[in-house]
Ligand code: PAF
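In the form predicted alone, a lone chain appears below as structure tokens.
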């Protein structure tokens, strides 16, 4: 695996690959490090679908609302490199801040139809514009054929798709299913902050939304959500931030299953002081 630290070197390397093989395809997996089996599944999918796979590790400051969150974000680079090598990643792009955001770069406000102000965006102002800016930079630098995102960060996947559309990017946005721990908890870099017992117990989140998917076959959507909410609140130490059904295109809340073509149930639960995201498609 090549470890490349500057965009100039990366561009030269990718251009040489394209010159030697005009039909080469570039798969891109953007990450902030602290890689786990969920990231490995993204790498595996990219390796299977592309000639070359590039994974970036860049802890993007513009996605963090509080400096403390940025400072405490885990950075186990040795473990990350080991995982990438094991999964067959071809290139690790490891840029510094100045390379992604040179003095000449102006942070943009992308017109993504208010997606950045909904759900997670309500409590994290500026976060999704930060996501848009860094993805736009990566897409410009790499010109990837496909970019891979995990369904767990549902709102981010919708934002990435909208960004590609409004910027007329040729990149294909690929969304891979949530990779779960054996007991059902959605894989996340945050899971390492849970105790061993807490990590096991937190599977109640997936049980709740899975049951809700079954319940909507026999009861009204609002009743299924109320039942799931009650179940989560009954778990000792669990604090529910939100549990809502949304139109997957607009992220607007829906009240009935016939309100949109595709509907997902999104939730965030704070458990042992850790915000845990999960979601499931209802239709």
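Since we're looking at a predicted model, the values are computed, not measured. Numbering follows the first chain given and starts at 1.
Just so it is clear, the following notes concern the form predicted together with pantoate, a form of the same protein that is not shown.
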> Which residue, 131, 92, 119, 142, has a heavy atom that falls within 4.5 Å of pantoate in the model of the complex?
Replying inline: 131
>> Going by heavy atom distances of 4.5 angstroms or less, which of 50, 44, 248, 60 would be at the interface with pantoate in the model of the complex?
In response: 60
> Which one of these stretches, 179-187, 131-139, 161-169, 108-116, sits within 4.5 Å of pantoate in the model of the complex when only heavy atoms are counted?
Replying inline: 131-139
> Does residue 226 reach pantoate in the model of the complex, with heavy atoms at most 4.5 Å apart?
Replying inline: no
> Should residue 155 be classed as touching pantoate in the model of the complex when contacts are defined as heavy atoms within 4.5 Å?
Replying inline: no
>> So, residue 32 and pantoate: in the model of the complex, are they within 4.5 Å at any heavy atom pair?
In response: yes
> With the cut-off set at 4.5 Å between non-hydrogen atoms, does residue 149 touch pantoate in the model of the complex?
Replying inline: yes
